[in-house]
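Take a look at this one chain, the form predicted on its own, written out in structure tokens.
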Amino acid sequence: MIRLFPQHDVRMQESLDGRWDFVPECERVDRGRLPGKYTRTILVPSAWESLPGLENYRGRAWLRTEVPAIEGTALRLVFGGVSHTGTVFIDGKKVGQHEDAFTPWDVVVPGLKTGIHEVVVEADNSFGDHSALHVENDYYSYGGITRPVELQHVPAVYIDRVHAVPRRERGKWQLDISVRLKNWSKKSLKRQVVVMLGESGADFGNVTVAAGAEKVLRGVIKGLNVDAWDNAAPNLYYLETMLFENGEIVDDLVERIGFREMSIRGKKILLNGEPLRLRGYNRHEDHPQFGNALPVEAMTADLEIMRDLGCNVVRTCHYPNDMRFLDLCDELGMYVWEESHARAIKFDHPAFDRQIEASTREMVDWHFNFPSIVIWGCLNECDSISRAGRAVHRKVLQMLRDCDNSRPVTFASNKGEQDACLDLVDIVSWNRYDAWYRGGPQNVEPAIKEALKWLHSKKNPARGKPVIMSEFGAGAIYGTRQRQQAKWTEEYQCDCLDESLRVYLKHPDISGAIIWQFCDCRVTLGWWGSRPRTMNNKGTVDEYRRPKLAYDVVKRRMHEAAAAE
């Protein structure tokens, strides 16, 4: 299932995870739009690079299964992620398409006769004009249905989405509720909508949804007797929305929420009114056995390692993460900075505007209710210098705020004092490698002193904002050790991280220190010639999660900082 808890008691649903028929284009022997023969089977979810012979395959492939349909309901297919362009066919007819690997999406197909129907998904992980966000990069674009798939049978009017914003009024929690209904039928229909949190709730009464349209309802549940959510006490509650027709429940949706508020006061980030200091890692969804299709067991292991290190935050660089990973963060009390998909991409790509808007809006729409997400981000290391770049940053940041004004927004910048967009954010976030690209460990303290002096100078329109060190670190190849100072050794990585954490974690004007990166990860072949092993080797653990020498350095510094708070 796409989540770690059941979201429906009434709506009929089933997981489509399992073995699907599979054929990559390089093995096709026919020329039809869809394959006439499938040469393999593949596990869904998975990345096809995990199959022998396809470790480096880039292109198109087709995956096929069969699903039941029930007359009177529409067939709804929910995809956690298809990498990176997915096209869906039912009984040979195209019914939907989606661009980008990292946001969930759905296809709703009414009018199918009761019985078994063929579903084919064409997945494409190639680069080109069809993909602005997936380009040769410092991480790998895998191929396949890489996250879970769910089959649902939805009635004519169904609950598409519920968003809940917790707020405190006079010491009591309340929920601002938004319910989105959709009607796939050809006539207007009336339904009753009720939302419940335990014994408290909101009855929206009878509402009419026009044919082929959607309707958004808004309300408030006040005076809730609940406990707050935070890292120390990740208290979670289930919000149930029910749809009634003539007094009979015909659809439902369960969301899991936590009660917490995010705000900014001067140079401080506040969680539930208290200063929040973030300590953690950037993490790619990447594993040598699973590609970007990590099973829950591997996700859990990663989080447990980070907790052992003393972390309280993970940044989902540079794209939205699997919802099951976010569920785990909710349960474990791990804060999350999540960002829409972009890393050092060009804004003049013909598909950029359409795809960055889709990635941003879909991320917030599908991930709105995760209490662990405390920051929305975007446009990592993109053009934030030029006038045109500033216009794009302003647009995307405003898009985030329009979708959700309850969380602060930021982008990670590597432009230093040339950056022309820092006044647009709620939090200034810097990717700085002062101990790696710009010098050695001795450079860290004077460099950040000068950067903060510039940021908070009277003439800087971005002055007075909170600061997060969103990336810093050093490369080390597992097992490469020598006592003399030398890059790519584990000892040199220790020195760089030790000094960086010493400076950043105790600095009163720095609210967060997020190391680049958690684990070594695969990069595009030939993307940057200075990446040994065609890997980004800056992990504190290697790709197999084996600890490097820096593990104990980080653990000591992180736990010292936590104890000092």
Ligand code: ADA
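For every residue, the number given is its place in the sequence shown, counted from 1. Basically, rigid core = biggest C-alpha set you can superpose within 1.5 Å across the two forms. No experiment lies behind these values; they were computed from the predicted model shown.
The discussion below concerns the form predicted in complex with the named molecule, not included here.
(request) Answer with one of 173, 184, 433, 366: the residue that has a non-hydrogen atom within 4.5 Å of the named molecule in the predicted bound form. (result) If I apply the 4.5 Å criterion carefully, the residue I get is 433.
(message) By the heavy atom within 4.5 Å rule, which residue out of 62, 57, 504, 516 makes contact with the named molecule in the predicted bound form?
(response) By the 4.5 Å criterion, the partner-contacting residue is 516.
(request) Using heavy atoms only and a 4.5 Å cut-off, decide whether all three of 138, 318 and 380 touch the named molecule in the predicted bound form. (result) Yes, each of 138, 318 and 380 comes within 4.5 Å of the named molecule in the predicted bound form.
(message) Under a 4.5 Å heavy atom criterion, is residue 28 part of the interface with the named molecule in the predicted bound form?
(response) Answer no; every heavy atom of residue 28 is more than 4.5 Å from the named molecule in the predicted bound form.
(request) May I ask you to check whether residue 117 falls inside a 4.5 Å heavy atom distance of the named molecule in the predicted bound form? (result) No, residue 117 is distant from the partner.
(message) Since only the chain is shown here, I'm wondering whether residue 536 would be in contact with the named molecule in the predicted bound form (any heavy atom pair within 4.5 Å).
(response) Yes, residue 536 sits close enough to the named molecule in the predicted bound form that at least one of its heavy atoms falls within 4.5 Å.
(request) Answer yes if any heavy atom of residue 531 is within 4.5 Å of a heavy atom of the named molecule in the predicted bound form; otherwise answer no. (result) Contact check for residue 531: yes, within 4.5 Å of the named molecule in the predicted bound form.
(message) So if I measure heavy atom distances to the named molecule in the predicted bound form, which of the stretches 31-39, 66-74, 536-544, 46-54 falls within 4.5 Å?
(response) Of the stretches listed, the one contacting the partner is 536-544.
(request) Just give me the residues of 322-345, first to last, that have a heavy atom within 4.5 Å of the named molecule in the predicted bound form. (result) Only 343 sits within 4.5 Å of the partner.
(message) How about residue 38 - superposed on the rigid core, does its CA move between this form and the one not shown by 2 Å or more?
(response) False for residue 38: its C-alpha shift is below 2 Å.
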